[in-house]
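Have a look below at one chain only, the form predicted alone, in structure tokens format.
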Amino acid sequence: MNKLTTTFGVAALGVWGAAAAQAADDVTLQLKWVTQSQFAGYYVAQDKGFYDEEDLNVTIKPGGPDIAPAQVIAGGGADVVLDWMPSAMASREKGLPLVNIAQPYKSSGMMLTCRKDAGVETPADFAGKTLGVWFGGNEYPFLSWMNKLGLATDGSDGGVTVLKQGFNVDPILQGQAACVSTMTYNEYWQIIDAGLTPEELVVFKYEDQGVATLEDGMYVLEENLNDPEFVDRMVRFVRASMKGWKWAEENPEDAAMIVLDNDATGAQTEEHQIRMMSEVAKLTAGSNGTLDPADYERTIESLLSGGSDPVITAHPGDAAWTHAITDKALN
């Protein structure tokens, strides 16, 4: 073989190699919130090469207070989004056909955390109190719960006053609210870190109150599920993501470090992220990513039970979720 032929062969091999490297399929994931251990499974899958193994090039887009996952996917900014089912089903009823394709979170991490010195020991003590509530789609489980308790949320006599809570716990620290919305893995610990002790607090887990709804599911647009190539990408994405989640559950400290490596803001701390990952692992435990239809029905019934102001007015039926992706990804 002469030098020219050899050079051409090497060049051709280089072109082929470049083409092969570019062959990975792109997937864009929109998170529900900022980079933190709440989403560790996805960052682990990226860091450990699980997406690479599935021939995927995954872009993970952090969320924030001004980012609504439903709006992002509606505008073509993501292939798959993470959202809480109340928000996703409310969006679906308004005309955006979101479909749950996987459910890594088996349990809800949502709580109402209250100060005992504000006179709250049981849900019967809520009447007449000011309660901090997140909005932007996160208020739906709370409103369903208040309806179940028979408490008006308009500040009228015998009901509760709703304080639109920012994404911090200042209202309970500054005495503006008797209770605030918290997650088991995040804001509760912000209250503890601010100086209040667990003994000074009482927590009401939505799971324990029978009003828990599914959180952090993976949603896509229904029309895309008619595209075999899209379905194939999602099968590979879910398989790699769940591999990431199980690795994160088993290696919480290392997973938290991976999350920190991806935090471009530098706002997160090692202690907080490790603690968050340990709590998140309790919520993803027992899930292989497949949505349990019973959990879906329980969530929908809660959303329909809003009295005169339900989250959704009609049952979305089985079209709002599918096992088509997880059946192929996990079996």
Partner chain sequence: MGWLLAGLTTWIGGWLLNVWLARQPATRMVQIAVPIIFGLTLIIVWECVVRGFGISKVLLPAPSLIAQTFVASLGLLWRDFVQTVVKGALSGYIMGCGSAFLMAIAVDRFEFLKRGLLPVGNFAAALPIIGMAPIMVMWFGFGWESKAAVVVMMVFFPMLVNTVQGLDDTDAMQRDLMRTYAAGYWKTLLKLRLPAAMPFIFNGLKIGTTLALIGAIIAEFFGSPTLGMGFRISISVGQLAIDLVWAEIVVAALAGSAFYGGVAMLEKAVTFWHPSQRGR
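Everything quoted here is computed from the prediction, not taken from an experiment. Numbering follows the first chain given and starts at 1.
Unshown form predicted together with its partner chain; subsequent notes refer to it.
- Interface membership of residue 252, defined by any non-hydrogen atom within 4.5 Å of its partner chain in the predicted complex, is ruled out.
- Of the heavy atoms in residue 156, none are within 4.5 Å of its partner chain in the predicted complex.
- Using a 4.5 Å cutoff between non-hydrogen atoms, residue 207 does not count as a contact of its partner chain in the predicted complex.
- A residue is said to contact a partner when one of its heavy atoms sits within 4.5 Å of a partner heavy atom; residue 91 meets this definition for its partner chain in the predicted complex.
- Per the 4.5 Å heavy atom criterion, its partner chain in the predicted complex is contacted by stretch 133-141, the sole one of 186-194, 133-141, 254-262, 115-123.
- The partner is absent here; in the predicted complex, the one residue of 111, 212, 74, 231 having a heavy atom within 4.5 Å of its partner chain is 74.
- Though its partner chain is absent from this view, in the predicted complex it lies within 4.5 Å of a heavy atom of just one residue from 60, 304, 56, 68, which is 68.
- Residues from 170-202 that approach its partner chain in the predicted complex with a non-hydrogen atom closer than or equal to 4.5 Å are 170, 171, 174, 176, in the order they occur in the chain.
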